[in-house]
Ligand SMILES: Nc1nc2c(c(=O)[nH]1)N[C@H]1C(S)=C(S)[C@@H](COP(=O)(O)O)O[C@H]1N2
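Just the one chain here, the form predicted alone, laid out as structure tokens.
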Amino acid sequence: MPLDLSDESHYDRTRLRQWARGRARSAGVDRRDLLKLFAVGAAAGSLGLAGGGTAAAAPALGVGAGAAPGIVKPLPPDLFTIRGTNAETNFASLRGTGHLTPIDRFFVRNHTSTPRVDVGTWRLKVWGDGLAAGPVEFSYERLRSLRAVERTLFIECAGNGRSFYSTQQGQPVTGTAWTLGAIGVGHWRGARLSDVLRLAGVTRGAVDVLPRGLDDEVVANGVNLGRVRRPLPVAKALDDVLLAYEMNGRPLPPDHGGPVRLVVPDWVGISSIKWVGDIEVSGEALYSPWNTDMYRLFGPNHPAQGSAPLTRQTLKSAFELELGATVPVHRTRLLTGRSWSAAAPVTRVEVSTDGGGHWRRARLHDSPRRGGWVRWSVPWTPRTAGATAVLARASDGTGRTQPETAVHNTQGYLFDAVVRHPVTVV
């Protein structure tokens, strides 16, 4: 009887068992090398591919300036904090911008650098033993000739909020020291991945779908890991995944995956492969470094061999206010922010302006919906000068509310705790 892999948790548990028992094929990297890297990652917590270094050094105040290696678009310091090869959106810059994240301030997550791919010569090759016949190629024009769909969805790095494990919980983690700006909501237009797979002849025996990017190959600890790629279960691929070629009504920009990228609703950002160039459709389970050592949970609160590969994102809230902002006493200001969840629409947001002593309900400015965020506001008149913290916590349609602390993992993924946002009243 074939396995039902449509349920995410069932899929995760099954793939973890298959990997541990050697029953999943390592796509593109020798299994011995993957096992060596896996052992390093389990011991050290990371391969160091999340941007390098330790997240404990995340600055609470100020904004990084300069240019990130390999990013094409301008990165003015009022809009971005540079983090290695990545650029984090300064959340305060979203105030007044509307529901969609403008392209000029949408975060950039690169494993290497942004490639410049010519639309005229770009081809998407779909291949593998999960197809009824041989490989099929799609040009950009052919992809655009398919029935187009449009979705408004967020894409969020799995490590968004990582620095707060260290700065707020006192727990060391490795990787890019994101605060809360490794997320953006875009309006995506493209073809359904399911339509492309069916045109290519996907069979009932297909198990995994492996999209691969056209960015440079990644080398870690002397091992060439190849281009960024991460398998999806065929059930997810045939469900709601897009091959997007437009973002916010414009052709997809280079830094955000142009000419074509995957958009995988609700799942961690690494699933939404940028600059996609080929897709393998396999009749057996697949693994890559991006779901063996990376994008799994390691640490004392998780299985000794690590958790199953990460899929769904979590629940968060952020103020549209600089960390460490100075605000005047006895003057009313409108605190604004955004909250989001991958599990269900956000239904309630509460704000504390006294460090968590008292909470009041914020006004929501968007209809709660899955796949996006809700903007909210609450007025505040500070009565006492001095250092304090404002806090926001969200609840979603599953009944879950952001906790006071996040369960630690050594790579700093899926931080979901209420963030203590420092301010000084003068």
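When you see a residue number, it is the position in the sequence shown, counting from 1. Quick caveat, the model's predicted, so the values are computed rather than measured.
The form predicted together with the named molecule exists for this protein as well; it is not shown, and the discussion that follows is about that form.
Proximity to the named molecule in the predicted bound form, defined as a heavy atom within 4.5 Å, holds among R338, R83, R109, R296 only for R109.
The partner is absent here, but in the predicted bound form a heavy atom of I270, alone among A92, I270, A285, L75, sits within 4.5 Å of the named molecule. Using a 4.5 Å cut-off to the named molecule in the predicted bound form, not one of D129, A200 and P233 places a heavy atom inside that distance. Shown alone here, R261 lies within 4.5 Å of the named molecule in the predicted bound form, counting heavy atoms only.
Residue contact with the named molecule in the predicted bound form: P265 places no heavy atom within 4.5 Å of it. Under a 4.5 angstroms non-hydrogen atom cutoff, the named molecule in the predicted bound form lacks L243 among its neighbouring residues. For the chain shown alone, C157 is a contact residue for the named molecule in the predicted bound form, at least one non-hydrogen atom being within 4.5 angstroms. The stretch that touches the named molecule in the predicted bound form, counting heavy atoms within 4.5 Å, is 252-260, out of 304-312, 94-102, 136-144, 252-260. Although the named molecule is not shown here, in the predicted bound form the stretch 213-229 places heavy atoms of G213, D215, V228 within 4.5 Å of it, in sequence order.
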